[in-house]
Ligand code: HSE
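Single chain ahead, by itself, as structure tokens, in the form predicted alone.
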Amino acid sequence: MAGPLFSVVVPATTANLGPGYDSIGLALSLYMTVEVSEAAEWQVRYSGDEYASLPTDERNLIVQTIFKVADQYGKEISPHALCIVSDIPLGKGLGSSATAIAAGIEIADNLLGLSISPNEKVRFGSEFEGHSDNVAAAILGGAVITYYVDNELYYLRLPNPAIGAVLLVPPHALKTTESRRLLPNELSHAEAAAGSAASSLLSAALATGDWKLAGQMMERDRFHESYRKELLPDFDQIREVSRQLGVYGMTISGAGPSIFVAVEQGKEQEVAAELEKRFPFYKALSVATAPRGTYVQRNEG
């Protein structure tokens, strides 16, 4: 039997970083790898139990994304088998749907020989996902500050953020749609202005590498944290302990239910161990940022 044609590797992401709601994403060093092989029909196979509930045929999000890209270019695409290994927790606010979309775009690009530009990949991903933060970071790597409103897309990539991170991952998943239902339809002008100020200063701090200031702004969100944090056990206590440990900042990862803690490089494991000891409901993962976004591994021979 013929071996795999190639593999696509996609990093996990965290989004928002507090007030950067639907606009700031950061790639992290957890990965999904999709091995692509020829097949008579579309097949998707996941390694491990966590992803066992996902569709394994043409309904799968990766396959659906492949179809959408092919349709954009008026192309037909033959069936393939996708074998997936992932250490990205599913439905935990770490961009698992964005990784699937990023993988689908890259697979379609390579199978069809489209040579899609990074900008168009981000545009397709934002269109398919409905917002740009996670998918831009998954495709490009690093930190990405985005504007995606009324199909207008602009972004700035910061290639290698100099921080470590701790992720506090609860045992239960949370659908983004459910988390978004908790948000109000409107904010007062004063609240929106305060949130915008925090987001602007967060973006400037990220761009200049001032993670102490970035961490302070991460904790001054007005757009979503106060409405969602009740779903995250011990949230306020974790923030207080995190401050005692001298971290840069702590916030909800994406739509939750995981928590993102930005720390000084080299202190990830120390902080993770202490937080997991104090808050055993969560599994603490020490990770780095991922400067490289989605890429292809070719199989030799």
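In this text, residue numbers run from 1 along the sequence as written. Small disclaimer: the values here were computed from a predicted structure and weren't measured.
What comes next is about the form predicted in complex with ligand HSE, which does not appear here.
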Please name which of the stretches 127-135, 210-218, 143-151, 187-195 has residues with heavy atoms lying within 4.5 Å of ligand HSE in the predicted complex. 127-135
With the partner left out here, check for me: in the predicted complex, does some heavy atom of F279 sit within 4.5 Å of ligand HSE? no
Quick check on A12: any heavy atom within 4.5 Å of ligand HSE in the predicted complex? no
Is the gap between R228 and ligand HSE in the predicted complex 4.5 Å or less for some heavy atom pair? yes
Using a 4.5 angstroms cut-off on non-hydrogen atoms, would R180 count as touching ligand HSE in the predicted complex? yes
Consider the chain as shown here, without its partner, and state which of A255, V69, I238, M32 has a heavy atom within 4.5 Å of ligand HSE in the predicted complex. A255
Note that ligand HSE is not shown here; using its position in the predicted complex, name the residues of 16-34 with a heavy atom within 4.5 Å of it, in sequence order. N16, Y21, D22
